[in-house]
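Encoded as structure tokens, the following chain is the form predicted on its own, with no partner shown.
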């Protein structure tokens, strides 16, 4: 019996488990999935929790309900991966062997990486929203906040869902307007990037959105520390930004098991071939989703497109054939802009977001780089698609490779 081992049952690992369970001979292959606990979180939903749009029960479901029957599921932390022995040791001491290993252990916010972030203000007037605990704590705080200086700060790139901090700023503008206290709230968006986003054309457009919503942009701010006593963040070049409420996107890092295994980069992301998704650690180890060191976005759409590519390459690797599929860095992200409107961007390694219609050229119904109500509806409908189709590995009407059809230069 050959062994296929998948580490991580988030978006990427769950999609791969479902795809492989439907393709591999159950009499010849044992599929095992390992994750730390039995809860699957719809992480794009964290953004909406502080504003009361989603509650925790909307975004947390039993992990086992979304994994295929007939595979082994183990709930445990991962201690160390030993590529020389084709073996993984779990934190409970168990040893798991494998013929092929897929690492989909994701990325996680690490507030302890920034000096002072977890100081006396943590969860009092300093919050994150990239965890369920942080998002729910911020929700309780916002219900009673009467206004002041709100600072939204990205500690360091890369981060999961790089448009989420912008969406938080736009939703905050909408939320305070709806509550009738927008004139009492000053919003500042503080980023280490030179503009509002990683891609120049989108950065220009989104920077204009910040201006129109009276949200001040402070760029190229590399945070060095948080001074909770004085309510200010301080950059390495000694610039200071005061706050009454700080919403932080902490440093994102890969799983600590990658560091213990000795093959991650400084942020515990795994060196990975940008097209085949084969690791640079060993030919029988592949990497998927946020765990890679690729220059693509760390987003659910990317995990979905990568899974389509890796599925073809994994079957080829098993048959000892050349890997046929090439990931092009495709990412597709709705951006909630508040007031029941949204934008959509579609890009890859080589082509930055362009205007146009998506997915049907000239028809849409979604508009690229344009604020519409339909884009908002697409964003809100995606939660249903995620739970009912995407996680289960179903075919969706969007190709893994980005197409130029419908786009305008």
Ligand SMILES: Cc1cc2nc3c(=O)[nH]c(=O)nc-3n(C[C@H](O)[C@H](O)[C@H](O)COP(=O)(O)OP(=O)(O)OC[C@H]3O[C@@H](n4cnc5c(N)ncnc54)[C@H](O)[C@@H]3O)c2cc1C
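Positions refer to the first chain, counted from 1. This structure is a prediction, so every number in the text was calculated from the model and none was measured.
Just so it is clear, the following notes concern the form predicted together with the ligand, a form of the same protein that is not shown.
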Among 161, 251, 206, 246, just one has a heavy atom within 4.5 Å of the ligand in the predicted complex, namely 161
Could you spot which one of 61, 36, 357, 376 gets a heavy atom to within 4.5 Å of the ligand in the predicted complex? 36
The ligand in the predicted complex: contacting segment from 184-192, 269-277, 225-233, 99-107, heavy atom within 4.5 Å: 99-107
Is it the case that residue 301, even though its partner is missing from this view, gets within 4.5 Å of the ligand in the predicted complex, heavy atoms only? yes
Going by a heavy atom distance of 4.5 Å, is residue 257 a contact of the ligand in the predicted complex? yes
Indicate whether residue 327 is a 4.5 Å heavy atom neighbour of the ligand in the predicted complex. no
Answer for residue 366 alone: is it within 4.5 Å of the ligand in the predicted complex, judged on heavy atom distances? no
Listed by sequence position, which residues of 59-78 have a non-hydrogen atom within 4.5 angstroms of the ligand in the predicted complex? 63, 76, 77, 78
